[in-house]
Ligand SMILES: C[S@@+](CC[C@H](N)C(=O)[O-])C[C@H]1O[C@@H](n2cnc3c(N)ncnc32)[C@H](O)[C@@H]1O
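Here you get one chain, nothing else, as structure tokens; it is the form predicted on its own.
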């Protein structure tokens, strides 16, 4: 992920200029430092003390010219900092991101925590085949591969641009033998032999109602892919499909686990109950106490 190198003096001057620009737009100097930590690998203390200024060659994930251009777009048009950096820390990973993929949120990390607890209780879940539907950057699939050391992971997305980003991330962690990237809408890219054989399905599907998209902050609605945000009229279009279709693919006792938005959990539980092929339906809260995840098992 190294793009080129710069001197410590050049980075110090860039930081001073960027902090000055940020103040003019009402942004905090902390954004500059987060960005430089991600792009240069320098730490917060080094940035403040300027102890790096004498270093002749510091590796960069983005050139300072490109960084300047994207930084201005952040200030003027609210381009998310993660896209400016081109990467972000997530769980114990560093993931490449671009405007072609949804930025992985801290809340999504909890999906992996839920699976980790399940595996501790039921070690057999370590084996078999798991699918990450709507993989985007590949974050969930990669985290699953590290957690489920004996499982084969399918990471599926309908966007070829998203799969390109996911491919870079999977390759960076040398997981090509464990994670298979497939292009398709939800289950469509799996062959018939996969029916009733999947151990677990995880998804962070689009769940924002179409009418609410315009109310989102500009850094989200203007820059993150609409395909990953828009969940239809009530936000449940794709979730309904996953409820109805998953029993055709999950094995008996197979895991069904998704992330959703505030206010949807009760409806999703009702959908699962009415579908008739699920058991052990549970709601999990996120770090803020919001009911954000629903887990179920195939009967």
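These numbers come from a predicted model, not from an experiment. Residue numbers count along the first chain shown, from 1.
Keep in mind that the form predicted in complex with this ligand is not shown, yet the notes after this line are about it.
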Taking this ligand in the model of the complex as the reference, which of 164, 158, 94, 219 has a non-hydrogen atom within 4.5 Å? 158
Quick one: from 128, 99, 209, 184, grab the residue that has a heavy atom within 4.5 Å of this ligand in the model of the complex. 184
Do residue 169 and this ligand share at least one heavy atom pair within 4.5 Å in the model of the complex? no
So in the model of the complex, does any heavy atom of residue 204 sit within 4.5 Å of this ligand? yes
Does at least one non-hydrogen atom of residue 200 fall within 4.5 angstroms of this ligand in the model of the complex? no
Interface membership of residue 104, this ligand in the model of the complex, 4.5 Å heavy atom rule: yes
Using a 4.5 Å heavy atom cut-off, which stretch among 116 to 124, 144 to 152, 220 to 228, 67 to 75 contacts this ligand in the model of the complex? 220 to 228
Looking in the model of the complex, the residues of 106 to 129 with a heavy atom no more than 4.5 Å from this ligand, listed in order, are 108
